[in-house]
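First, one chain by itself: the form predicted alone, in structure tokens.
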């Protein structure tokens, strides 16, 4: 146990030598260090989102659990982003991670993965972006996702819309359409479903818009359902619970094109230590998601 002071708050950090990524011998102390150092670019994308924690107290080879309600033993100084549960009519009190101290506290829970909503608190009904979550069905892989992502980018560019893109940090890719203008989850889901269906019609051997397992072999699922009010996607800069400590990493579209042309995804796959160096060099490539204002078009 280590007692540290972070932004004036006393925090007890436990099991610092515990190995959470055995294949990489990546310890809990290194998880905490990563999140502390990435905090300046992570927190703006995290602070006012409804946050679901995916916790791995015994490491990535163990069974995790999801936690929506912030634990009852949270520090008194730590706030919550509250949302009505439309099913139970109760209130979900998500941890509000808006400071380095709060981020350190949730990281100490072995919350390796941080999953966030499309909407910002305190307005859960208004998504600020649309996500196209690209999930490959083996033997398709990340390279196939890159090509589909480029198709989505070109379709939306023809509509006068700009996009940002990031790896999932796992096996897929996520294309985001920043809005930051009034929209509903139903509108976002309908728009993304229409784009997914158009791509499926144009490339039936490469793209699928339905989640049915028997349809997905060798194709990329354009998962439009992630735009539902109750869904979350992994937050940019979050660690992933893979064999090694990979990170959901924002990319430039030039990098996506170069990797697709080369047929090699190694240059766009980043682990925690790589990602820190990268951000120091290129800054936050996902920043437009915070400020770019675009109106969601109505598609026939």
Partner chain sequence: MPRAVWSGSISFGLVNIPVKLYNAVSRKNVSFNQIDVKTGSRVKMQRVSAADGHEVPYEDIVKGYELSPDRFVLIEPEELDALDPEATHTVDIEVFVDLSDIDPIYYDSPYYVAPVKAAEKPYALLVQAMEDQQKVAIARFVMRTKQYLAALRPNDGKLLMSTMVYADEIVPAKEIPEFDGLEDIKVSDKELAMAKQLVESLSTEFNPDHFRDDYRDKVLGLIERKAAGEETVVEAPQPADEGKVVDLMAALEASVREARAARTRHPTGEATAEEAEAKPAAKKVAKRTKKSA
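Positions refer to the first chain, counted from 1. Everything numeric here is computed off the predicted structure, so don't read it as measured data.
Missing here is the form predicted in complex with its partner chain; even so, the following discussion is about that form.
Using a 4.5 angstroms limit between non-hydrogen atoms, residue 30 touches its partner chain in the model of the complex. Using a 4.5 angstroms limit between non-hydrogen atoms, residue 258 is distant from its partner chain in the model of the complex. When its partner chain is considered in the model of the complex, residue 282 lies well away from it, no heavy atom lying within 4.5 Å.
Within 4.5 Å of some heavy atom of its partner chain in the model of the complex lies at least one heavy atom of residue 23. For the options 100, 199, 164, 156, the one in contact with its partner chain in the model of the complex, meaning a heavy atom within 4.5 Å, is 100. The stretch in contact with its partner chain in the model of the complex, judged by heavy atoms within 4.5 Å, is 32-40, chosen from 247-255, 227-235, 45-53, 32-40.
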